[in-house]
Structures are given as structure tokens and as C-alpha cells.
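Only one chain comes next, encoded as C-alpha cells, the form predicted on its own.
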């Protein structure tokens, strides 16, 4: 997985720095910055490869497939015209989370942890999405209609509707964090196996980890689109 022996990887342990009374996980920050730079550079690279030819290249085909899939989900749930910004948001979230999940698989001299295995990262992503959802809902529906829909279909359901909204960022963040963190634990456990047999479970788990990374990126993106549709879709149903 990395240039660091698997048995030496400590899951949940971070290199920290104290500043103004706050603790910063430096290794997570470094991994996140690297992923952010990679996603930005990938965007520019894909833009340079776009062509009007009848047969697009593999890179352009991948990009068009990804954008088309997310655009199709947005159209199905609420219509792209309702919130066109959800398409680029979904693409950005998918690529960012995917590379966050995969970065720990890159062989390096110093272990780069998956930022999504740090609850701070997943909380930040979840809060970004949920706050954006509610701000967009207020701007589209108006404050009166926004706050009023929490009392529907019955006023007595107001507490339950509020709790449901409060739970969304928790479930969104912990689902992603839990799956990626568990992957790191499995890698550290596999590292305890004898070297003679280590290659087989390590190789199999690496493939499975790649698959899980894709699935979790897809789930987070789909849930993001769903949350937007629940608040912004035309009609009274939420």
C-alpha cells in the first residue's frame, strides 16, 4: 500500500500541532491539500483535452460519463433547472472524496492517511453540504415557507422534522468516516501477518479498498443531490 511497513501504521493517530488553543492534525491537512491540488490540476488537464471530434478521447469520455451520470440523477430527482449548481458540486465532491479515499494506497516514504478517515474532514464536508442545502432552500422558497414546512403535515411532527434535519449531517459524515476508518484498521491488522503470506490478503484488500472508495464517494454524492432535491424540488412534498 505504502512505502511504510503495514505493521507500523497507527490508525487514528495523527501528527498534531497546537495553535491558539486548537489542535490541528497536520498529516490530514497535508493529505487534504495534496488531494485538492490533484483535483484542481485534473480539472485543468481535462479541460485541455476537450475536443469537438466525433470520437472523444478516453479522458474526455470519462469526464462526460461522470458529468452525465450526475446530471441524470439531478434531472431525475428535481430537474437540473431547479438547481444547476448541484451538477458541478456533485462532480467536485465525487472526485475529491474518491481521491481522499484512495490517497493512502499511494506508495510513499511517509504514510499519507486518507483525509476521510479523519472525522474532522467528513464533518466539514457534511456541514458544507447541509448548510448549503438550507441556505439554497431559504433563497428559493422564502423564509416563511422554509420554516413552515417543518410543521407539515402536522404541527405535532415539528420536533421530529427538526431532529431529522439535525441527524442528516451526522449520518452523512459518520457513514463516510466509519467505512474509510475501518479500512485503515483492516490494513493495520493485515500488517501483523507473516511476510510470506502478507502479499495475498494485502493485494485482495487493496482491490476491495479501491472498490469501497468508489462506493462511498458515490453514496455521499447521491445523498447530497437527494438532500437538495428534498428541499428544492417543486411542490409541497419535502
Partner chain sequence: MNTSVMAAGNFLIPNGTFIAELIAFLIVLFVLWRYVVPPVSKAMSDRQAMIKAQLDEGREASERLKQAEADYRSAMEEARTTAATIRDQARADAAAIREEMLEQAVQERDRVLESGREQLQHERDALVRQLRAELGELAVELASRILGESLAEEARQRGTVDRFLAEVQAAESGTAGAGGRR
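These numbers come from a predicted model, not from an experiment. Residue numbers count along the first chain shown, from 1. For clarity, a rigid core is taken as the largest C-alpha set superposing within 1.5 Å between two forms.
If you look for the form predicted together with the partner chain, you will not find it shown, but the lines that follow are about it.
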Legend entry - Non-hydrogen atom within 4.5 Å of the partner chain in the predicted complex for each of 17, 47 and 118: yes
Legend entry - Contact test in the predicted complex: residue 60 vs the partner chain, heavy atoms, 4.5 Å: yes
Legend entry - in the predicted complex, residue 127 touching the partner chain (heavy atom, 4.5 Å): yes
Legend entry - in the predicted complex, residue 161 touching the partner chain (heavy atom, 4.5 Å): no
Inset, instruction - Give a yes or no for residue 203: in the predicted complex, does one of its heavy atoms lie within 4.5 Å of a heavy atom belonging to the partner chain? - result: no
Inset, instruction - Name the single residue among 98, 112, 91, 133 that comes within 4.5 Å of the partner chain in the predicted complex, judging by heavy atoms. - result: 91
Legend entry - Yes/no, residue 215 Cα shift of 2 Å or more between the shown form and the other one with rigid core fixed: no
